[in-house]
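First, one chain by itself: the form predicted on its own, in structure tokens.
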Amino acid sequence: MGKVKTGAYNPLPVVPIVLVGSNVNGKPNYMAVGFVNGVNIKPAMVCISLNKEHHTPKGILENGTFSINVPCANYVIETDYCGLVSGKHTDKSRIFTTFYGELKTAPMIEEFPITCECRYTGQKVEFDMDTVYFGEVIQVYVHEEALGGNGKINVLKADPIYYSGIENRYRRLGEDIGPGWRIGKQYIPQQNAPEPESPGEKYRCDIVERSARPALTIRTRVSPAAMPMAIQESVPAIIQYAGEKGYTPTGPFFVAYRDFDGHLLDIEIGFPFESGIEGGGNITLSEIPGGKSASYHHLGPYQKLPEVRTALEYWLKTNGVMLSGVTYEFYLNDPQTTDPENLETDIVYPLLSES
């Protein structure tokens, strides 16, 4: 199958379409924008690219604020209209119900399922036609009916609009084809690929039976880079709380990996204890599940652990082992007094019940 040169342009099949809002001369104005994206997680930062001739940038510079409003598909006509007419000549303040949040000057659209108010950071990048403005997200507002049972945005319920510049068409969200930053673990290299060694040849798990154990944990969402700091803060807090309660840990501290959305890890940091304990504040009573588990004893630096987990999950997948979705790492010695090459970590995967 050959490739055909088709010229230089933006080839992205679809992009989210939003309405950027700003107060211009004290009046709400909204414009349709397709060049919008997140650029940082913590603090949450976004960027928008606006033509230099547009009316909206004037309001951003006047107030130092702007909003991003994500329309649902039911508002495709109004959304497109806001991209066809300019606020210089058309009053767009009455198309929607406007409300304001913490910043007071970033107009947001009540009818849209997802909106957020942003503080302009003063940072911008100038191009010949457009200017890219950077903003810090101060607050996000979501319709209750667009939230799932876990309190997170349910994208299907929000029903956002996507724009295909290649086709010049608006489209809705399509089918679910797999979990992000996870489905790739199912990849099995071709047998004829020039790989010196299959991951499964080096890393193999033992299937063991484990008893359930109560634990005291702190659950948090952090970026991978911020995880060491989260551990440094959580471990002493749990030890102090346990000491005040007269509880004694029955094993080393652990981290339970519950989810990763591509940006933030959902983790629990804790210690196992005997039964009869209780949590308090942000320290909660949890349980290390019993039953069959896949276990691997790793000797070496912590920096290797993500690579080791990926290799183990490859081996488990190719051998038909069904994981429960949570991964535990038990840290058996003190990194402050142990050389990295001698650090010991037990990696444990609770398995799904066969029933």
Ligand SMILES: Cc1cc2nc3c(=O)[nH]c(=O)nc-3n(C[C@H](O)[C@H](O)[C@H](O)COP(=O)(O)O)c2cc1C
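A residue's number is simply how far along the shown sequence it sits, counting from 1. Keep in mind the model is a prediction, meaning the values are calculated, not measured.
Quick note: we don't show the form predicted in complex with this ligand, though the next part is all about it.
**Student:** What is the one choice in Arg309, Lys292, His298, His55 with a heavy atom within 4.5 Å of this ligand in the model of the complex?
**Tutor:** None of the others qualify; the residue that does is His55.
**Student:** Please identify the residue among Gly83, Gly148, Pro224, Pro252 with any heavy atom within 4.5 Å of this ligand in the model of the complex.
**Tutor:** So the residue touching this ligand in the model of the complex, by this definition, is Gly83.
**Student:** Please state whether all three residues Arg210, Ile267 and Tyr349 have a non-hydrogen atom within 4.5 angstroms of this ligand in the model of the complex.
**Tutor:** No, none of Arg210, Ile267 and Tyr349 comes within 4.5 Å of this ligand in the model of the complex.
**Student:** Given that the partner is absent here, does Thr65 sit within 4.5 Å of this ligand in the model of the complex, heavy atoms only?
**Tutor:** Contact with this ligand, no.
**Student:** Mark Tyr247 yes when one of its heavy atoms lies within 4.5 Å of a heavy atom of this ligand in the model of the complex, and no otherwise.
**Tutor:** Judged by the heavy-atom cut-off of 4.5 Å, Tyr247 is well away from this ligand in the model of the complex.
**Student:** Considering non-hydrogen atoms and a 4.5 Å limit, does this ligand approach Gly279 in the model of the complex?
**Tutor:** No, no contact at 4.5 Å.
**Student:** Could you tell me if Arg119 has a non-hydrogen atom within 4.5 Å of this ligand in the model of the complex?
**Tutor:** Residue-level check for Arg119: no, no contact with this ligand.
**Student:** Would you point out which of 150-158, 163-171, 213-221, 230-238 contains residues with a non-hydrogen atom within 4.5 Å of this ligand in the model of the complex?
**Tutor:** Residues of 163-171 come within 4.5 Å of the partner.
**Student:** Which residues from 87-105 come close to this ligand in the model of the complex, meaning a heavy atom within 4.5 Å?
**Tutor:** Contacting residues: Gly87, Lys92.
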